[in-house]
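The chain below stands alone, shown as structure tokens; this is the form predicted on its own.
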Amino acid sequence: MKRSFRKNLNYYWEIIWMLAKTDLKMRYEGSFLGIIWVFLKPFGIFLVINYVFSTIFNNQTENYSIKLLIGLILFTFFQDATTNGMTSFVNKTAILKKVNLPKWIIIISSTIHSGIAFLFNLVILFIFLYGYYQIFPKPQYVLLFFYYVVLLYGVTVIFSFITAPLYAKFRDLNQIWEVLLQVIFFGSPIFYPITAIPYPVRSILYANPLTYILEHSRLALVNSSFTSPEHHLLFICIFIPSFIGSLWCLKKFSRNLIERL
């Protein structure tokens, strides 16, 4: 039983990894700069926003620039992973029609593809953190940061499990999500500190899961600190039922999927 489960797990992982590598290769095929665009996109935005807002928020937030960089890298990953996850069934219609694969494999491979690009950006982030800003968090806080990264990935998977089968029927979801991503960007403490927001509005921002993840990941990596466990417990209590619900949605909404593609 265990041997069979391990064999299936290895088989699924090989498929996921193969699809993810293919997606990454196809994304930048024909591009002059190729995979360098993985770095240019978030760092180009970082340079512009840092130039505009650093003079405003530097006095309010210590290490504003590196916190901005962390926020942008995490948001870029969230943006790419949710978009790729949502459109995964449509983008891989040919595979779904030819090969009988579990639907979650298609979604996970599309989000893993975004995760590979994210890992490249993390290397650059830690080079800036250690080399330029001279910030050396303790190993436990680095691990805590990666724990929040895993939570962020979990949020993208929950979103993708729900929206991928829906997008196969409602193609306007892509346009709606692009608009909502802009709302989420400005509604998350990425280029402004959460302390700059009045308390009544601040509580509304914390309804956005990105706010929790961004704030706590930066506290761990830059300030080497951990906030109250109550916040974490509340997030987990919402996260687990949401993940279970997303699995139910994936199963329910994926009925007759091939006919809709």
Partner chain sequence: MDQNIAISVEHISKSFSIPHENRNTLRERLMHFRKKMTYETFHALDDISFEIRKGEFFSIIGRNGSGKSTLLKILAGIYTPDKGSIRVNGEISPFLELGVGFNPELSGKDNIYLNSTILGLSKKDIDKKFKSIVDFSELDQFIDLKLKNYSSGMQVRLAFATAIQSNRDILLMDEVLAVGDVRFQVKCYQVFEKLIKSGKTIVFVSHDPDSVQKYSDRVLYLEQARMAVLGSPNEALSKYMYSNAIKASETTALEDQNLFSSDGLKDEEELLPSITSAKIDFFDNEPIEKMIEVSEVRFFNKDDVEEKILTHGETMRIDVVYTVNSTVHDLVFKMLIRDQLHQDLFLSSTLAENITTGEMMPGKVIISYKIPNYFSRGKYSVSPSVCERTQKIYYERCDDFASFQVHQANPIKPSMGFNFPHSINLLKSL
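Positions refer to the first chain, counted from 1. All of these numbers come straight from a predicted model, not from anything done at the bench.
The form predicted together with the partner chain exists for this protein as well; it is not shown, and the discussion that follows is about that form.
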item: Options 113-121, 151-159, 136-144, 91-99; stretch whose heavy atom lies within 4.5 Å of the partner chain in the predicted complex; value: 91-99
item: Residues 41, 185 and 236 all lining the partner chain in the predicted complex, heavy atom within 4.5 Å; value: no
item: The unique member of 73, 168, 129, 108 whose heavy atoms fall within 4.5 Å of the partner chain in the predicted complex; value: 168
item: In the predicted complex, residue 26 touching the partner chain (heavy atom, 4.5 Å); value: yes
item: In the predicted complex, residue 19 touching the partner chain (heavy atom, 4.5 Å); value: yes
item: Contact test in the predicted complex: residue 15 vs the partner chain, heavy atoms, 4.5 Å; value: yes
item: Residue 248: touches the partner chain in the predicted complex, heavy atom cutoff 4.5 angstroms; value: no
